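One chain is shown next in structure tokens, namely the form predicted alone.
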């Protein structure tokens, strides 16, 4: 049994919409800003900065720059999840498919714990039940802001985050082992096939 205080997300975390790009985000090699899109984030591995698009920001709206410890919430698509922003390599924003979350100053919530909790099955079920749309499901900002959270003391949050990181590392190790074994099996199959072909050619008159 873990003691926890109950909050709605908006009581602990500021929620902002992603930068309002209109249409396709135009890339620019000399762009001074990274614009994160859905392809750049993954619930398991986080943010892939290396492949993210550089651009110039259009319009006059002042950007909400991403900072270490912020969260991105994927608000459109088949799955709704959160990832923690590590260290952006240059000024960065997120596109309109995201909500940009930032834990409010003085609130005892570890961002990695918040992302972990949002991504767990009970919270995923709540989000899916509240999703709207026919062609593409999405979560409205008031729904996300009303998401109920159970927040234990920081020591417990840190313990849960450490367990989650250990589980991720174990999954990554298992994936590499499976990939190596499959490569070995594929090499054996190729060798057997080549041997069979050579045998057939040798027996032809």
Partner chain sequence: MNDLTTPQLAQAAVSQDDINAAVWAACDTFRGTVDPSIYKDYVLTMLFLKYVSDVWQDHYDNYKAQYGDHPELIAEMLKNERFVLPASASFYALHALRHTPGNGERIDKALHAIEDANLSKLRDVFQDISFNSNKLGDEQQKNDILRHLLEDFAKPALNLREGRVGSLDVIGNAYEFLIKNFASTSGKKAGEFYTPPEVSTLMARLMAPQPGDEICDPTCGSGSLLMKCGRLIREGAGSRKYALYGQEAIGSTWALAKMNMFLHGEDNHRIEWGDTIRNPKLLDGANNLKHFDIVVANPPFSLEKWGFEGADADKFSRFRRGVPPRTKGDYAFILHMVETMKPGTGRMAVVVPHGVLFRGAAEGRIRQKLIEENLLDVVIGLPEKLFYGTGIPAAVLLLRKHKADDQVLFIDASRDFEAGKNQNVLREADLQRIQATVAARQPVPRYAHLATQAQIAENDFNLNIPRYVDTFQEETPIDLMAVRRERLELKAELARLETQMDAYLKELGYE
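Since the model is a prediction, treat every value here as computed from it, not as a measurement. Numbering follows the first chain given and starts at 1. Superpose the two forms; the largest set of C-alphas matching within 1.5 Å is the rigid core.
Omitted from view is the form predicted in complex with the partner chain, to which the following refers.
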* Residue contact check: residue 22 to the partner chain in the predicted bound form, 4.5 Å heavy atom -> no
* Does any heavy atom of residue 28 come within 4.5 Å of a heavy atom of the partner chain in the predicted bound form? -> no
* Asked: According to a 4.5 angstroms non-hydrogen atom cut-off, is residue 54 in contact with the partner chain in the predicted bound form?
  -> no
* Would residue 6 show up as a contact with the partner chain in the predicted bound form if we use heavy atoms at 4.5 Å? -> no
* To do: Work out which of the listed stretches, 31 to 39, 135 to 143, 160 to 168, 64 to 72, brings a heavy atom within 4.5 angstroms of the partner chain in the predicted bound form.
  => 160 to 168
* Asked: What residues of 98 to 121, in sequence order, lie within 4.5 Å of the partner chain in the predicted bound form by heavy atom?
  -> none
* To do: Align on the rigid core first; then say whether the Cα of residue 193 has moved by at least 2 Å between this form and the one not shown.
  => yes
* Just checking, between this form and the one not shown and with the core aligned, does residue 183 shift 2 Å or more at the CA? -> yes
